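The data below hold one chain only, encoded as structure tokens and taken in the form predicted alone.
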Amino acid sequence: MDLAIVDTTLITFQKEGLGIIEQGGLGIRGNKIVFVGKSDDLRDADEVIDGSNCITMPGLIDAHAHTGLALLRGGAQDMPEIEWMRKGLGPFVRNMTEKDKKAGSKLGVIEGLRSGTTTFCEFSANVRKYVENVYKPFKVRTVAVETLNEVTGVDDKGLYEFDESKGELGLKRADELVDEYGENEMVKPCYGPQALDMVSMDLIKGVNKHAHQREADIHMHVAQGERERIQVKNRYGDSTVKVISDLGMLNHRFVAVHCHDTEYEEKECMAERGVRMVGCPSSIAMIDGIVPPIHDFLSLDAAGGVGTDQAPGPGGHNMFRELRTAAVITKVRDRDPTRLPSWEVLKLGTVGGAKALGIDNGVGTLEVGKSADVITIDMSSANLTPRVSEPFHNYVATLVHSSTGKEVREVIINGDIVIRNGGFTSIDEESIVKEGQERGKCLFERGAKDWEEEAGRMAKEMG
């Protein structure tokens, strides 16, 4: 074997339980896992990592993210949902350059890597640029979603106007992305109409047709709040779910993100048709003041995952924080502390996310034959102590509710060690952070006038 992790506690997520193996060992040859079992049975390897005092588990899966917005961290909080996009993000996004977005994506990805994320679902326009300039150089697995948006400007008063040429270019980019990366092991391409209120009927029909022809997934924001509901109701006279249902889009190749503005019957309909769901708890709690219906979909036996969304709303791309947030706010919403127990939440961040993105045949569990996407977590820090196995494994709850993500020690993606003993092996973190600070400061300065003129609630309160 090329690499072995020995004397560790494995959480494999195999079969029904968590598949915990004490004094476990994991063997990797090339980019595949070739051994999962007791450490004593592990053969010699070229490199051996001592996993004592560590949990070894599959890498976390961020099932929905817009990392290119990371430079706007702290820029759109504590304001009404109806204002968030136009008066919060808009003034600064209009002033972003492609270099700003690239720098932001690098910043967001290294934040995620540091806290144990090995797969990112990147939802962005011109997503190929993120794949080529960030994910491939960093050796990070990605589900690349080409965002399609025809809106020329967000107006709170009337229906949005569409530019069909934007949609045509976006669909062309999506087709090219799927054609190029359709068989790529590290990049899964998808179609991404941003939301039903942001694309014309002609475009959404075109996306559905092209995705079906190429057997590709459609990854889409669905029923994400008041702004979308007003637009869709006024334009089509019905709800988002009912409109896309009539178009025949609800099937096993459809990934619905957010879904917090849906009726229970609509959730049932999506689950019955094999739709997969992704919730972004920190983002939706901050932007909408609502709890995503992750538990509702799980209770309907639908595949579900968790994403960080974007930094300007919730603050960042730390999946351990997302998992804890999902558990806590769901318990509060339902006034039921048994909702989303720790073991279910930990699955959401690994095998659940893999199923939601349709990549569970290769990642999400520690199994022989699967890709070696693995993390080790140092459990010797004060906030994770004590770690016991009798009368039960207390560290399952500890990982969800006490980990900050900073305890991640090794990050291995497709057999490559990206982080070893807490340090990046080939990524220049210092220069990325430095560039992010410099570009972020300039970006906020450039957008200041537009932000003040929009006169949103946040601008008034900051003043």
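Counting begins at 1, following the sequence as shown. Note that the structure is a prediction, hence the values are computed from the model and not measured.
Just so you know, the form predicted in complex with another copy of the chain exists too; it's not on screen, but the next bit is about it.
Just one listed stretch, out of 143-151, 264-272, 341-349, 236-244, contacts another copy of the chain in the predicted bound form at the 4.5 Å heavy atom level, and that stretch is 341-349. Only one of 196, 107, 187, 302 comes within 4.5 Å of another copy of the chain in the predicted bound form through a heavy atom, and that residue is 107. Residue 111 is the only one of 296, 217, 111, 100 with a heavy atom lying within 4.5 Å of another copy of the chain in the predicted bound form. No residue of the trio 20, 68 and 118 has any heavy atom within 4.5 Å of another copy of the chain in the predicted bound form. In the predicted bound form, another copy of the chain sits within 4.5 Å of a heavy atom of residue 318. Proximity of residue 213 to another copy of the chain in the predicted bound form falls outside the 4.5 Å heavy atom cutoff. Interface membership of residue 388, defined by any non-hydrogen atom within 4.5 Å of another copy of the chain in the predicted bound form, is confirmed.
In the predicted bound form, another copy of the chain sits beyond 4.5 Å of every heavy atom of residue 206.
Residues of 76-97 lying near another copy of the chain in the predicted bound form, listed in sequence order, are 77, 78, 79, 80, 81, 92, the criterion being any heavy atom within 4.5 Å.
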